[in-house]
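Quick setup: one chain, the form predicted alone, written in structure tokens, and binding and motion questions come after.
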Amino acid sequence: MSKYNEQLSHLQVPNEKEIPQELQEIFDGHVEKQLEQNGFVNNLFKVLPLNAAQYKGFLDFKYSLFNEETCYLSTADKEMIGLVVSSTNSCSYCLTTHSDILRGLTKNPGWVDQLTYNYRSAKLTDKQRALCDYAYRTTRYPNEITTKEVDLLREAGFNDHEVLEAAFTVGFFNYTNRWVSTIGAIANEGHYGHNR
């Protein structure tokens, strides 16, 4: 039986015979890790092998932004940015999966719900507020970005390594929101109640 037998998006299911073995082994490793951590799999891992090399590129980019040994912002801050971007873009799949992750990181599901619905209603530190404001403005008004964005983040206490990583993170989540919404991916139901 094929690993890819569920219709989880608007696209055709991946053909396992078309996926290079070395890439399938990488994908299998990610699936096993998710099953071990969560008890279920993020459904994108069952959709994206359709374009295996591009999926591998996506994973490499994602993990470069979320490698705690080489990154400057906390994973929680980046997931918070992801929720603001995804809320602004109304990407329900991304809101579902990343709110689950942030609930696990913060152990504060009520706060994550507030952040997901409208970050302005959540209790935030000054630095968190600055990151959320930056994520919102650059997602909603990309044609209005100026040096002011960098100045405001610096004023809030971020150094230039952190500013660049915040910019990469906002760009990454806008990128994923666009294509996830396009393909109509269906979130695994496990995400809704997980980490509550």
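Only a predicted model underlies this, so the values are computations on that prediction, with no experimental measurement involved. Sequential numbering from 1, following the sequence displayed.
Below, we turn to the form predicted together with another copy of the chain, even though it does not appear here.
In the predicted complex, none of the heavy atoms of Ala156 sits within 4.5 Å of a heavy atom of another copy of the chain. Although the partner is absent here, Thr125 sits far enough away that none of its heavy atoms falls within 4.5 Å of another copy of the chain in the predicted complex. Taking the partner from the other structure, another copy of the chain in the predicted complex has no heavy atom within 4.5 Å of any heavy atom of Gln24.
Contact check for Phe45: every heavy atom lies farther than 4.5 Å from another copy of the chain in the predicted complex.
The putative spot formed by Lys3, Asn38 and Glu68 is not touched by another copy of the chain in the predicted complex; no residue has a non-hydrogen atom within 4.5 angstroms of it. If you take 77 to 101 and check each residue for a heavy atom within 4.5 Å of another copy of the chain in the predicted complex, you get Asn89, Ser90, Ser92, Leu95, Thr96, Ser99, in sequence order.
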